[in-house]
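In what follows, one protein chain appears twice in different forms, each by itself as structure tokens: structure 1 and structure 2.
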Structure 1
């Protein structure tokens, strides 16, 4: 596990992820601390699964760390190490935000808020309609919850069928949600009003290409890819060439990060400042 050697005097929050070097969270949160004239810093800790317990103990015993963001691959595993879990994080089965209260670490989830706020920016409220979600990890759980809450019928596809089945089972009774296999994927995608990729396929440093077979896209629906590097991803490039509405992961990143920042500091997050910092970091 690689932890930073910078003095903790100004450290205020961290990211727990593996790998962590690609994250834009430090730039985003540091810009927020500076804009609000808070003596704070945000650091990305590269924490492999075997180092998670030690990283959380460091967070728990610190006198200056306010909390953490949690990303792949820890969003589901981290809950077992925390003293408290908010109802929304428990419902989603995933934690992306930790707030330290004394020596107690409280797990929360701001991904559902982040995704819902991001969709609002597209100007296409999900409403009643059909959605296909690719993936079955922590982010997928937030996406499915948001789409179900908006009244969508959701179909989930993932290469690990057992993980997808567990996700679907977790939301059974909250709306129309079902697992689909590869044989039904083409028809489901073509008819979808919303297609959301929550996998790492197409991400810089991740599996290359698109998560869908070449040429497979919604006929008229919007395409959202939570990956934000490269811009555009192969999936979004194909969707844009087909004239479909698209959105990458920047909007969700900023909105979920803003909610986390407010939970740590008690200050209203400067969303425009945080987005500008992300856009600068992504600029060629």
Structure 2
């Protein structure tokens, strides 16, 4: 389906999250609708878990809602309410995008694409080499999948060891992926060609500080942090001070959002416009 230009009615896409107040998605998607002269708007809906079923029913039976982005805490729970789920969302065990086709809701996941596209912008895009991933939550699943497809050997470290073990198990057979505990973390990080933080540590409002002990960084590898508030994060500030290539979470946010926008509207997303809107929203 392609959204008609200057249609009679204002169509909308929404965010389903809890809390939803600090989301950058309305600014990013509204800038895209505006730049393409589409009569669309993006709204953030603050939906607590007990309101998820009703919100999805409203989306399914609407004639003006194109679809939704899904964020914490609904990325896994939402699957039970959808008529269809793409193979990639099923593989990652999480839905971050819903597209309404008539009265059917289809769940997708654009995080893997978003992270791969972001990495392609990094001064040192991944290929064969060593990657260390900190964290084993929903975002880590997309990151590990992207790094494995780029040919990296991936080592995963997480506070909750069992969660990291489950993630590693899920990707067994898809490339070189292993769990590393605290004792091997220092050597793994120092030798890493790419280090990716997927934990919430250092995020505004999250656990403070850096996810790594002070002074521990790759010797020469690139450092990516999925967090984008504050800028830079404590981890990226340390990496920049050490002269390492770095990237924060804005690039991934924009590319996953662009893929969602394209799925809702059928139009090529104006990535530079979306990025500028995010940068403006994050400016001090």
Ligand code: NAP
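These numbers were taken from a predicted model, which means no experiment stands behind them. Under this definition, the rigid core comprises the largest set of C-alpha atoms superposing within 1.5 Å between the forms. Positions refer to the first chain, counted from 1.
Q: Which number, 1 or 2, marks the form predicted together with the ligand?
A: The form predicted together with the ligand is the one given as structure 2; the other form is structure 1.
Q: Look at residue 190 and decide if its Cα position differs by 2 Å or more between structures 1 and 2 after superposing on the rigid core.
A: Where the cores coincide, residue 190 shows only a C-alpha shift between structures 1 and 2 that is less than 2 Å.
Q: Please say whether, between structures 1 and 2, the C-alpha of residue 227 moves by 2 Å or more once the core is aligned.
A: No, the C-alpha position differs by under 2 Å between structures 1 and 2.
Q: For residue 62, decide whether the Cα shift between structures 1 and 2 is 2 Å or greater, given a superposition on the rigid core.
A: Yes, the C-alpha position differs by at least 2 Å between structures 1 and 2.
Q: Once the rigid core is matched, what's the CA displacement of residue 51 between structures 1 and 2 in angstrom?
A: Residue 51 is displaced by 3.6 Å at its C-alpha.
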